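Shown below, as structure tokens, is a lone chain in the form predicted on its own; questions about how it binds or moves come after it.
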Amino acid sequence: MQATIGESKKAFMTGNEIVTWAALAAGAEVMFGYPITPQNEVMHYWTRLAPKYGREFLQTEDEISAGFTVCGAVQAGKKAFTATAGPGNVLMQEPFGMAEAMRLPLVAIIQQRGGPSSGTVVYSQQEVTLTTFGGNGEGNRMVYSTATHQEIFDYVIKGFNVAWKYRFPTFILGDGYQAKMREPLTIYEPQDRGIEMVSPYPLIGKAGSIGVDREAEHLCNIYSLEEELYDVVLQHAEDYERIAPEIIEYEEKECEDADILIISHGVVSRAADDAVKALRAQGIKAGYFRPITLRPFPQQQLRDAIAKSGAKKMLVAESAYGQLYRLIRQEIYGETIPIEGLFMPGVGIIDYDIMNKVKSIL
């Protein structure tokens, strides 16, 4: 694959531009998509840059088709991806569910917008539940929640690798703020950082005869008997739980002696980080915990942070009405620490908001 970045260099780009450059650096061969704000520029930049590097693009008639064409392309051995937001994410749940059922290495970038329905075209964190447990499956997905432009670049590259290594659909969860704002970062060729890209391979049309040279691939998303589905779902769950420790990522700061733990994800975690520093400067022992993977969730790591801190309270700050809050309660069921929420759906959260909430709680 032709090098795209060359030597590592500083850049000043929007999040959507970064998605494109990261996908090129990761060796993505084709994008399928349908326009929806705030991810549109991912498509625009891809169509501008991809031809220079021998890559391809197809705008489909709708989001459902975009998702299914990715499913088809990866079966043919193409490193394919899509990007969407809001109602497009809703529509793509059907092909995302197929990818979960058939264990397809689908990659999707989700730039969240406000909801429900078309809501606003700007920003929110209201697609957490949809992206982590959307569709009618068991949520066997890998979901990375990015906070900075550097992370968008890093995790788009990583997303392609884990999708093809583990064969579960993989999502990079951003938002409208990250999509549109500019921020400095370093772009690089993965191999220059010691990252070996997993090569795609065809899942269908393989050489040899089934039962003679190889086993059948069994790319199924429908079964005639309940018992068949039961066995498959249990096997997928077993595979997912086995690899989860290898995938889970999180970030924590100042949790050793915290009286209150502040939990956030994505771009809100930047405000939480600043709030913890300011609160500590004022003598309030606040701790910071951020799940980077929302699926699989760093459940044990959060339990450990609660235990070692001895915190009296937990605050979940999010630009949604309790979607991260519900996910956390589900994951740490049985913990007795009181959990408060700072829910600001569809609007930005700054450090001042978090600091005021912490002081009102304590």
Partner chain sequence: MTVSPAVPKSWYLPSKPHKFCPGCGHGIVLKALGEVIDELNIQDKTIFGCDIGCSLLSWNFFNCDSTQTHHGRTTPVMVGIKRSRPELVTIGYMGDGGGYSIGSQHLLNAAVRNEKVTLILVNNTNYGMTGGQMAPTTLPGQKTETTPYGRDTDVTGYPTKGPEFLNALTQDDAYIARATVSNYRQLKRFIKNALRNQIEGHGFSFVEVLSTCPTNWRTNAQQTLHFLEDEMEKYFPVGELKNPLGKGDK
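Please read these numbers as outputs of a predicted model, since none were measured by experiment. Residue numbers count along the first chain shown, from 1.
The next section is about a form of this same protein that is not shown, the form predicted together with its partner chain.
Q: Between the options Leu225, Leu234, Ala281, Ala216, which residue brings a heavy atom to within 4.5 Å of its partner chain in the model of the complex?
A: Exactly one residue meets the criterion: Ala216.
Q: Heavy atom within 4.5 Å of its partner chain in the model of the complex: which of Ile64, Ile332, Leu49, Ile337?
A: Only one option qualifies, and that one is Ile64.
Q: Have a look at 142 to 150, 237 to 245, 164 to 172, 204 to 212 and name the one stretch with heavy atoms inside 4.5 Å of its partner chain in the model of the complex.
A: Careful reading of the contacts points to 204 to 212.
Q: Residue-level question: is Phe68 within 4.5 Å of its partner chain in the model of the complex, judged on heavy atoms?
A: It does: once its partner chain is placed as it appears in the model of the complex, Phe68 has a heavy atom within 4.5 Å of it.
Q: Would Leu130 show up as a contact with its partner chain in the model of the complex if we use heavy atoms at 4.5 Å?
A: No, Leu130 stays farther than 4.5 Å from its partner chain in the model of the complex.
Q: Might Gln75 be said to contact its partner chain in the model of the complex, defining contact as any heavy atom within 4.5 Å?
A: Contact with its partner chain, yes.
Q: Heavy atom to heavy atom, is Gln59 within 4.5 Å of its partner chain in the model of the complex?
A: Yes - in the model of the complex, heavy atoms of Gln59 and its partner chain come within 4.5 Å of each other.
Q: Would its partner chain in the model of the complex be within 4.5 angstroms of a non-hydrogen atom of every residue among Glu94, Met98 and Met102?
A: All three within 4.5 Å in the model of the complex.
Q: What residues, if any, in 31 to 53 have a non-hydrogen atom within 4.5 angstroms of its partner chain in the model of the complex?
A: Going through 31 to 53 in order - heavy atoms within 4.5 Å of its partner chain in the model of the complex - there is one hit, Phe32.
Q: A 3 angstroms or greater change in CA distance between Leu234 and Asp213 is reported in the model of the complex. Closer or farther than in this form?
A: Leu234 and Asp213 sit farther apart in the model of the complex.
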